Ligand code: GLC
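Here you get one chain, nothing else, as structure tokens; it is the form predicted alone.
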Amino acid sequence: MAEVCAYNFHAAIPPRSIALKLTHLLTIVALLAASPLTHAQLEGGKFVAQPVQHPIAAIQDTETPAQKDARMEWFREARFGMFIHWGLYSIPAGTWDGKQIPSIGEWIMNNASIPVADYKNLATQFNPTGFNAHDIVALAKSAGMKYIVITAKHHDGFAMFDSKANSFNIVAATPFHRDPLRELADEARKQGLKLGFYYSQDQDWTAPGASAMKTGRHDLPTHHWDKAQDGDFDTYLHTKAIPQIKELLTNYGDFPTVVWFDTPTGNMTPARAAEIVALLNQHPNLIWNNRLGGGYKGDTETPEQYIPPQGFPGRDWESCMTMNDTWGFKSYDTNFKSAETLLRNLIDIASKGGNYLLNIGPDSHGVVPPAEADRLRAMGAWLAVNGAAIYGTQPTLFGPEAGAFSATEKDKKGAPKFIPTWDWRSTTRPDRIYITLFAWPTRAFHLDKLPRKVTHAYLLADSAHTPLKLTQTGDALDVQLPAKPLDPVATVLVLETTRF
């Protein structure tokens, strides 16, 4: 994943060979279709758009609103997905040369300045015989998740799939000799989940010429720390990244349904990104995010480790978040959020029209840490009862219930700080309003203004749907509630409605 403090979108571009320049230019000219889009830059943990021209039109530029709605339908209904960060970094598990390395586990090669040869040697030790695709997909399903996105290749350059394009992969370079992505794809089909692939298209710390974002004292302009990393970016792009993206797009049947790019640097120019877009366009049902680079906006905003105060109106979005403080496994990171906090995050995100992509980090044996599995099962137990308030719903009709911007407090950028409140959240359907209550009212739930007429009210966890007494006076509503909530974390009040 991204280490936000490390982003640098203005890294110098290595010189390119004459032959690659000509090949690149001919490709772009042949596919040229200028269209307005954006240059993605990271500001405050989110990507912000600035107008540029696309060398090649993406599907998002040419499809009709109805076509986009059809393509995004399953994603908008899903609301909850599993992120999996798993790779060689699970072997050191946050420790290198006897020292605990600060920051997130999957960045250990960069943060500890590990030489390429030493890091690549970890592959000879990687034999995750505890990995069980059935169990991981079943865990996601039991949690109420509808899709999975796994790291096919992270910034360390190690491919977690059978790649003919580059031998630094789990099948060719390890004693495991199995393709976890294929096994997950088979299980996802059997169990009815979608499967997507994360691919680090720009950063690759073991491939000569690829990008590396600045960490510590790594030298300009490449931010490399080992001569073995030096080379030509276009050579990397055309001999490793693009061929591996082709493999991922074509070798797994109807998967991936999502491609999740990450950490574009200045090397990912519009022309280079356009070559990848040309591949993506060949898969018209594909969903991909806003982190390709080169000015392509993609389908989804990707707030990382935070929930935007008001969502992204008019845009599909997905908050990706960890359960503890790391994405890749770290043996000593036990700072886990409670199941209650994780569940409230999901409810909050759904109320703002977004998806929750919640991470697990299997260990070097391929086993999901028990603390993570336990929390997912607890979330699934709540969703088994109350899922109608999450899946396929629309955002709140209200808004102030989420909190407000402070008149005095400032955030890190000096802007008014958003102060959330945690009394309740709301989602909607055409004939229902769901009120998820965190703080239980002493007598009745009250709304000052309601844009619909309520005909019936009950608690979702009450299988009998016992009617609750309601009083609607003008635009205001009061619903009499039982003395105690039905769930200690969150109880859903259902308002069946018609429009005035």
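Position 1 is the first residue in the sequence shown; the rest follow in order. Quick caveat, the model's predicted, so the values are computed rather than measured.
One more form of this protein, predicted together with the ligand, exists but is not displayed; see below.
- request: Give a yes or no for Y198: in the predicted complex, does one of its heavy atoms lie within 4.5 Å of a heavy atom belonging to the ligand?
  value: Y198 belongs to the contact set for the ligand.
message: Can you tell me if I104 lies within 4.5 angstroms of the ligand in the predicted complex, counting non-hydrogen atoms only?
response: Yes, contact at 4.5 Å.
message: Taking any heavy atom pair closer than or equal to 4.5 Å as contact, tell me whether H85 reaches the ligand in the predicted complex.
response: Looking in the predicted complex, residue contacts with the ligand include H85, since a heavy atom lies within 4.5 Å.
Contact label in the predicted complex: R79 to the ligand, heavy atom within 4.5 Å: Flag for R79 set to no.
- prompt: Just one of 170 to 178, 307 to 315, 151 to 159, 340 to 348 has heavy atoms within 4.5 Å of the ligand in the predicted complex; which?
  reply: Checking each option against the 4.5 Å cut-off leaves 151 to 159.
- prompt: Among D262, D333, D234, E247, which has any heavy atom within 4.5 Å of the ligand in the predicted complex?
  reply: Residue within 4.5 Å of the partner: D262.
- prompt: Given that the ligand is left out here, which of I287, C320, L383, A112 has a heavy atom within 4.5 Å of it in the predicted complex?
  reply: Of the listed residues, the single hit is C320.
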